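Okay, here we've got a single chain as C-alpha cells, the form predicted on its own, with questions on binding and movement later.
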Amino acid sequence: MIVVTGATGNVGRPLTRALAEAGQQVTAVSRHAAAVPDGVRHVAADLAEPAGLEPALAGAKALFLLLSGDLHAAGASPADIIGQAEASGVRRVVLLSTQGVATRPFGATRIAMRVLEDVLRGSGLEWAILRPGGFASNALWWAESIRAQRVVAAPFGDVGVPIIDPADIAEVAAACLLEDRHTGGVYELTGPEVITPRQQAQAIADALGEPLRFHDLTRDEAKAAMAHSMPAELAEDTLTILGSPSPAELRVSPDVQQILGRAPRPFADWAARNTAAFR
C-alpha cells in the first residue's frame, strides 16, 4: 500500500492515478471527501493532526508527503507526520520539498522545510526528497480573470523561471516511491526552459485560440491576492523568487531527464491540457 497525501491536488491527483495504473494499492488522503480512481481507497484526514493519519497509514509501505499551506505556517509540526509514519510501519517516504531550501536557505518557510528534510534524513526510513521550482499550474490563479475578462494579471511580467509541469513531478514521485535506486536522492525539478508570465499568457492564448491581455500587478497587489491561499511569509518568499531569481533558480535541472529518461514537458503542453479551466 502506498499513501498519497494531498491526493486531490495538482501533483497528488496524477500521482494517485499513475500508481493505480501501475497496479499498486493506493490510499488517497485529503481533508475532504473526494472522487478517486477506481480501486483507490480514500481517507479524509487533516495533516495538522498526525494521529488522525493512523487509519490511512495502517499497512502502508510508502508515503508521499505533501504539506498543505497551513503546515508551512509558524507553530505547525509537520515532523510529527514522519514520526507517525515510522510508528505505523511505513518504510519509505518521498517528501515534496522546495527548490528554495537550497537557493533561499534563510527564508522562514525554507528553514522550516530544511528542518523537515533533516528529520526525514535522520529517521530510520528510506527516503527521497523532491525540490521543485515554480509550478506550471500556478497559472490557474489567472483562470477567473481569463474566463471573465480575457486578462492575465500577474507581477514581474518579463521575469522568467523554468517552471515545471506538476505531471512531471508526479511521475518523478512515482519512480521514487517504486524504485530502490532513488533512495537517498535529492532531486531538483524544473521545466525545460525559462519562461516569463507574459510568455505563459501567450501560450494559454495559443491553446485557447484567442488573444489575451496582460496586466502587470504590483508586488503588493500580488501579495494581497496570494495571501488568500497561503501564509503571508510563503507569499513573500515566492514573490522574491519570481521578481529576482538567482542564477541557481534560473538553471534548468537535468534531474527529470535523469529519472524519467525524457525531457520535462514545456509549459505549452500544460496549457493545452488545461484549456477547460480558462474557457
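None of the values given here were measured: they were computed from a predicted structure. Numbers follow the displayed sequence, beginning with 1.
A second form of this protein, the form predicted in complex with a small molecule, is not displayed here; the remarks below concern that form.
- No residue of the trio 94, 123 and 170 has any heavy atom within 4.5 Å of the small molecule in the predicted complex.
- Checked against the small molecule in the predicted complex, the candidates 210, 216, 221, 46 yield a single residue with a heavy atom inside 4.5 Å, and that residue is 46.
- The partner is absent here; in the predicted complex, the one residue of 202, 145, 138, 103 having a heavy atom within 4.5 Å of the small molecule is 138.
- With the partner left out here, the small molecule still marks one of 83-91, 130-138, 153-161, 180-188 in the predicted complex; by a 4.5 Å heavy atom cut-off that stretch is 130-138.
- At a distance threshold of 4.5 angstroms between non-hydrogen atoms, residue 11 is in contact with the small molecule in the predicted complex.
- Residue contact check for residue 57: none of its heavy atoms lie within 4.5 Å of the small molecule in the predicted complex.
- Although the partner is absent here, residue 31 sits close enough that one of its heavy atoms falls within 4.5 Å of the small molecule in the predicted complex.
- Mapping the unseen interface onto this chain, residue 66 counts among the residues with a heavy atom inside 4.5 Å of the small molecule in the predicted complex.
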